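In structure tokens, one chain follows: the form predicted on its own.
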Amino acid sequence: MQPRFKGRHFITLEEWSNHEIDILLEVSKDLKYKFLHNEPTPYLLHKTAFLMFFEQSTRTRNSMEAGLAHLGGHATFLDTSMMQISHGESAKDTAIILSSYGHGIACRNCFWEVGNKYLREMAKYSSVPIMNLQDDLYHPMQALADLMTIQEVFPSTKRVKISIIWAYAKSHKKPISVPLSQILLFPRYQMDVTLAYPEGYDLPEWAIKKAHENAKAHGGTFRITHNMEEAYKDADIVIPKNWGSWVNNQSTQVIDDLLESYKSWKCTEEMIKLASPHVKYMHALPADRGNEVEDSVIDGPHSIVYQEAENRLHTAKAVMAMTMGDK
């Protein structure tokens, strides 16, 4: 039976089957081909989406705005500090009204223990698809683009050794949504997933449990280590990225003694040498250069971060085309 996409909310990939994700990726690849060959893709003519941002954005905002324009529609950027949300308007009222004005609502809300609940509340009352542009727990747009990139680089995802590694950064206290989405998705595609982090930077127990379940159900593997070198050893892909200690410490303070004690957790040329000779370096960006990673790595031959970032455009277009379209 052909799955139905029209009107579907896109809040977490856990709610989408592998078959449905595979279709999204096929559409993404087709849209990428047509974009690179200057072929028009007027699949959402005269359609409107509202892009609500509680936080700053570069790739997410621009991939959505440009993507909807490529599809023939129009995206309206909404800085929530300039909306009545800042005066206490409810998610219910916002969702009902905006969904009566257009064809899709996309939202980024990463406030700890608020973001995902806010999106769920909007989805409860919206008459159009709600698309998650990152919340406190999930970043499905990024995970989908990551998977697309891996499929472009490797002939098969089966037995690809991928290490998601905490890295030192001090630009801001980052959400856990990127690594959490990755540990849930990658085992579903038969990858051998390692999650590495120093003590204190745990992900939620329910997410760890689900990652193990996804691995068992789909033929992947999942393990945790607190040894950085072990995570790099023989890896085919490394994703060294910072995330905050939200699970154990809800303070919004960026720099503290725990963070400073792990300055050595950095992606260096030395660490890359421990991995497979053909290892690929990935990062959702922006990377905290000099802290998370050495310039020589992110700008070097192992890096595929720009390919990964480019794919954010095409996967975003696929999500919009399939959920906001007429089929």
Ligand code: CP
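Quick caveat: nothing in here was measured; it's all calculated off a predicted structure. A residue's number is simply how far along the shown sequence it sits, counting from 1.
We do not show the form predicted together with the ligand, though everything after this point is about it.
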Any of the heavy atoms of residue 142 lying within 4.5 Å of the ligand in the predicted bound form?
yes
Heavy atom to heavy atom, is residue 284 within 4.5 Å of the ligand in the predicted bound form?
yes
Contact with the ligand in the predicted bound form for residue 59, defined as at least one heavy atom pair within 4.5 Å: yes or no?
yes
Examine residue 312 and determine whether its closest non-hydrogen atom to the ligand in the predicted bound form is within 4.5 angstroms.
yes
Just to confirm the contact call: exactly one of 49 to 57, 22 to 30, 258 to 266, 35 to 43 touches the ligand in the predicted bound form at a 4.5 Å heavy atom cutoff, so which is it?
49 to 57
Within 104 to 118, which residues have a heavy atom closer than or equal to 4.5 Å from the ligand in the predicted bound form?
108
